[in-house]
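For this one, two forms of the same chain are given in structure tokens, first as structure 1 and then as structure 2.
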Structure 1
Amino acid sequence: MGEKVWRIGLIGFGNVGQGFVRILASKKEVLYDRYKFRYKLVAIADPVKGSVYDPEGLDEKKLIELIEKEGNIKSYPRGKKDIDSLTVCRSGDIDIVVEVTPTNVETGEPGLTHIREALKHGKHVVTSNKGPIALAYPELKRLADEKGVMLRFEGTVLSGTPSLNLSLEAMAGVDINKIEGIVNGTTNFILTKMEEGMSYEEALKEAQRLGYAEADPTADVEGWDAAVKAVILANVVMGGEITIKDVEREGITKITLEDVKDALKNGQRIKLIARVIKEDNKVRASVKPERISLSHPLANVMGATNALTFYTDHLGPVTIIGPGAGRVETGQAILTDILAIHRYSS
């Protein structure tokens, strides 16, 4: 039998979609040499940046060139241009749907519909879209299992830094009764910059420019994004059944430059800490700014870097520190998940 050529359809060509395609453009040969992974990116659907379908495979370098020069891919030289996202989910010509549209934590849409449709049509789904996973993980997982396909979402927590795959796969067999850490890049970046003297507004603008912030940055600064990640950790890693309403949540909007300086004067730093605890088989979660001592392991996690400590039975505390947001960083999570599908299917 010849080697499988994975046919990939991408829904959403914003920060994460572009980061992923950039990685593909630079790693195509490496992916084959190292992992015997062959693929064709056959479709991109994005109502703003442009859509294109070519069964022969799109040219990643050309796509990036167009984005850099024109800000969209509408003048891509080949293929069918009127393809929409639902066609990608239902197409018989696609094996893996990558869903990277902007997150909506209230409705999960449009991602939720995309993921449901793709799974129903027997496609593997890889996503970094937090809303659908936080809102409907049990339903989506059941659907994936029924159809014998994989639903993978490493990029929803800590971008490409292993968190879900680390706890579920690399540490399979342990019990985890507490997870604690910094899970939002934008707020950690803002707090870091404020310490350097930058105003809150300037720091937020910079975080947006660097592609860390959500489309609506209120989701970051009010703690919603961190709360959503806490829900995902609670339900996926610790077997909880909580919703975002169950998370005790406070953001960083009330923190002033004076608060940041005052903390520092007292040998402390303000960090937005997410915590998930399992006690008597009940899981509860919180997200709030806390003053922690400079000697605390999380105190020196700066900028858009994130960190998570898993408290396990067999290993004690296990901590991972790495990027928590960013285009290529989240694109890496998509790649990791696709390579896992390839590995499990080989």
Structure 2
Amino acid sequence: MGEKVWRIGLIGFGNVGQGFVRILASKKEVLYDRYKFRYKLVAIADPVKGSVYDPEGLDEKKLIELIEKEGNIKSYPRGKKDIDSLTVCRSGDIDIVVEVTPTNVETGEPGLTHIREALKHGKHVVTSNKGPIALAYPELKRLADEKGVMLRFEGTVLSGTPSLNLSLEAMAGVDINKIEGIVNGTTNFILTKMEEGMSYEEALKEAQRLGYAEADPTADVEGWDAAVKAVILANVVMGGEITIKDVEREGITKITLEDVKDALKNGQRIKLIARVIKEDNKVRASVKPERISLSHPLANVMGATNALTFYTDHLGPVTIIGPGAGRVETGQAILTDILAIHRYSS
């Protein structure tokens, strides 16, 4: 038998999808030499950027060239152009579906339908889409197990910085009874700028100017993004069954420059802390601004950087620090998950 060639279908060609394809374009030979990973990207489905299917494999460099020149891939020179996302999920020609559409934390759609359909049709699924995992992880995991395929979603918590794989695989065998983290780069950036003397309003404007915050920053500054990530950590790492409604949530909009200065005077920093605790087999989660001592592992995590501290029985506290967003960074999480599927399923 020859070496397996993994056939990949990509749903969504925004920042994350493009970041993933850029990595493929630059590392094809390395991926084979290092991991014996052979693949063909055979389909992309995106209602705005364009869709294309070619069983012989798409040219990643050509796709990136078109995105840079034209902003879409509608003039890709060959292949079938009218493929839609559900066809990608159901196609017998595809082994791994990569789902990177925008997150909707209220309904999980359209990602939730895509992931369900792909799993039902026996596809491995890799996603960075937080909504479906926060809303329906137990159901999706059961479905993947029933079909004998893998559902992986490293990029949903800290982008490319390993958090789920670290806790579930690299630390297999430990008991984790608490997780604390800075899981939203926008709010951490704002609090850092406030330490430098900016008001909350000025720091938010600077975050928007640099692209860290959206025009409507509610998801970040009111703690919704961090709360979704807390739900994923609670349910996936600690075996909880909580929803976003169960998370005690408070954002940073009421933090003043005076609060930040007063904390520093007292040897503390204000950070938006996501916390998940397991006690007596019950899991609870919270997101709120807290004063933490400068000696705390998370105190010196500044700017848009993210971090998580896992409190374990065998190792004590284990902290990982790294980028929590970015198209190539999240593309790296997608690649990590695909290589794990290759490692475990080949």
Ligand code: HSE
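Numbers follow structure 1, counted from its first residue as 1. Definition used throughout: the rigid core is the maximal C-alpha set that superposes within 1.5 Å between two forms. On a predicted model such as this, the values are computed, not experimentally measured, just so you know.
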Of these two, which one is the form predicted alone?
2
Note yes or no: does the Cα of residue 193 move by 2 Å or more between the two structures after the core is superposed?
yes
Aligning on the rigid core, do we see the C-alpha of residue 217 shift 2 angstroms or more between the two structures?
yes
With both forms fitted on the core, give yes or no for whether the Cα of residue 71 moves by 2 angstroms or more between the two structures.
no
Using a rigid core superposition, the C-alpha offset of residue 253 between the two structures in Å is 3.1
